[in-house]
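Presented below, as structure tokens, is a lone chain in the form predicted alone.
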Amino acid sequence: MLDPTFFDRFTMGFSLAVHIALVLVGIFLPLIIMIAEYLGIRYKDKYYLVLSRRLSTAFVIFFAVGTASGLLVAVNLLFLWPSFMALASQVAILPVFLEVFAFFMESIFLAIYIFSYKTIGNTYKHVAIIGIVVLGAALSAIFITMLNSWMNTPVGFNIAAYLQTGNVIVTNPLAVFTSPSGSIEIPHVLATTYFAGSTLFLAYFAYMFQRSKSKDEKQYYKRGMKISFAIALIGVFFSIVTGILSIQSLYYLQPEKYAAIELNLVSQPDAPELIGGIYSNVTNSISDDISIPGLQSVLATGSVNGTVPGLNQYPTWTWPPLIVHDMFDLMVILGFLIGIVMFVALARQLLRKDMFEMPIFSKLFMLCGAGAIILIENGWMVDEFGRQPWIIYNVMTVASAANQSQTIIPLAILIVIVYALIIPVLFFVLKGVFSKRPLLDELR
């Protein structure tokens, strides 16, 4: 007999992986549209104005697909994780309600923005309208991240009573807005989302710039590269800062996740920072790692003598899958490499060398775009895998939250098929729309 929990896990993970990719675009696009239109008006630059118009068309399509994807994610939560929803609906549902209102705000003002081109035109009022869409997209991300933060550090109800009796006694329905991990997780999610989205579009514009033969086309794609690069540069800086704060917060808030990410088998002072490493269940040891003495203690506690938590403090059945350590290393390495490319490109630009015209940087930007997608997806997997086996940390396991009915399996398979088709269909539609709107015709 097939295990329904496996299908629940796989379906949710696959759905979120696709949805996260759509979210990157859905959050970044209104920002670049707003900046492009503002610059076009400010400098009377036709390239920026055409960029904002063409991207707004793409945004409408992405928004429609992203909305459908979001609804499917909601269906997943309701049908695949009924026990989780039963608890979350009593304690942590308010951010979800507010996310709906943020979505309404985004939808309404996006419609106003698109249909007011003829009545308002390219004016600062028009820029202000898309600015509200930018705010709505950011608020949607913030409110959903609040729910995830609550799953990492649950508050607002009597946890001891719930674990003993199964009864939910709500002590503070507003606590979900200020869960301990939220103050770090929210800015980190925003920073990494804008960073990954901008880097993805930087890669696209760089690719199209190299393919273009027309001077007008090159100027158009160069404008897109400039905006994307500026946002990516800011994003990578704040991603690094908030990322460091995030791993430090795990030391206090989720020490078991911290120990798994750092691959600490035992608590110890003067702890080394391990890069790589393979854990053996047979020998209960780590092999093939690079060790930097004392660095982990310094990063976590500020002192080489600081003691870091180890997995030996916890029952083995509560250990997260230790592959999260290598996934975390991959995330850090990718972020480090992309950061180097960004800051080298900035230095080149400051030396009055137009790096946007240099093929080597275009190729590097394309690699950074691919790396950014891997990085953001991998980062979310580190967060979710690192909380295993809990869906709500130290309160509810994934297995106890899952729908155990065999009847859920056909639905899970159907949802996976739909998500597997979303991205190819999306690009097919985009290609069809823009093939009828040649860029040079709009630039004339």
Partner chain sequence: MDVLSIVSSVTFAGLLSLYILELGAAVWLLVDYNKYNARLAAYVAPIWEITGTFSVFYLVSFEAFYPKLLFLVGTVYILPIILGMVFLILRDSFLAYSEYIDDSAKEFAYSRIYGITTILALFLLITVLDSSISGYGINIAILASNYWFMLSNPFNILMFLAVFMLVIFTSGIFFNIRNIDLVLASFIAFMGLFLFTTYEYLPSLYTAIASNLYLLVPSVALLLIVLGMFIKNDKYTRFFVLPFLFISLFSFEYFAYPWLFGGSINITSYLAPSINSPYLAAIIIFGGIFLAVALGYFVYIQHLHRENAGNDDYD
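Keep in mind that what you see is a predicted model, and the values were worked out from it rather than measured. Numbering follows the first chain given and starts at 1.
The discussion below concerns the form predicted in complex with the partner chain, not included here.
Participant: All three of 60, 83 and 104 touching the partner chain in the predicted complex at 4.5 Å, heavy atom to heavy atom?
Facilitator: Judged in the predicted complex, 60, 83 and 104 all sit within 4.5 Å of the partner chain.
Participant: Look at the stretches 164-172, 314-322, 227-235, 353-361 and give the one with heavy atoms within 4.5 Å of the partner chain in the predicted complex.
Facilitator: Selected stretch: 164-172.
Participant: Pick from 287, 214, 90, 303: which has a non-hydrogen atom within 4.5 Å of the partner chain in the predicted complex?
Facilitator: By the 4.5 Å criterion, the partner-contacting residue is 90.
Participant: Which one of 265, 374, 111, 333 is close to the partner chain in the predicted complex, taking close to mean a heavy atom within 4.5 Å?
Facilitator: Contact check passes for 111.
Participant: Spell out, yes or no, whether the shortest heavy atom distance between residue 349 and the partner chain in the predicted complex is within 4.5 Å.
Facilitator: Contact check for residue 349: no, nothing within 4.5 Å of the partner chain in the predicted complex.
Participant: Residue 394 near the partner chain in the predicted complex, any heavy atom under 4.5 Å?
Facilitator: Residue 394: no, not in contact with the partner chain in the predicted complex.
Participant: Is residue 56 close enough to the partner chain in the predicted complex to count, meaning some heavy atom within 4.5 Å?
Facilitator: Residue 56: contacts the partner chain in the predicted complex.
Participant: Look up in the predicted complex whether residue 76 has a non-hydrogen atom within 4.5 angstroms of the partner chain, and give yes or no.
Facilitator: Contact with the partner chain, yes.
Participant: Could you list which residues of 411-429 come within 4.5 Å of the partner chain in the predicted complex, counting heavy atoms only?
Facilitator: Read in sequence order, the residues that approach the partner chain (within 4.5 Å, in the predicted complex) are 411, 414, 415, 418, 419, 421, 422, 425, 426, 428, 429.
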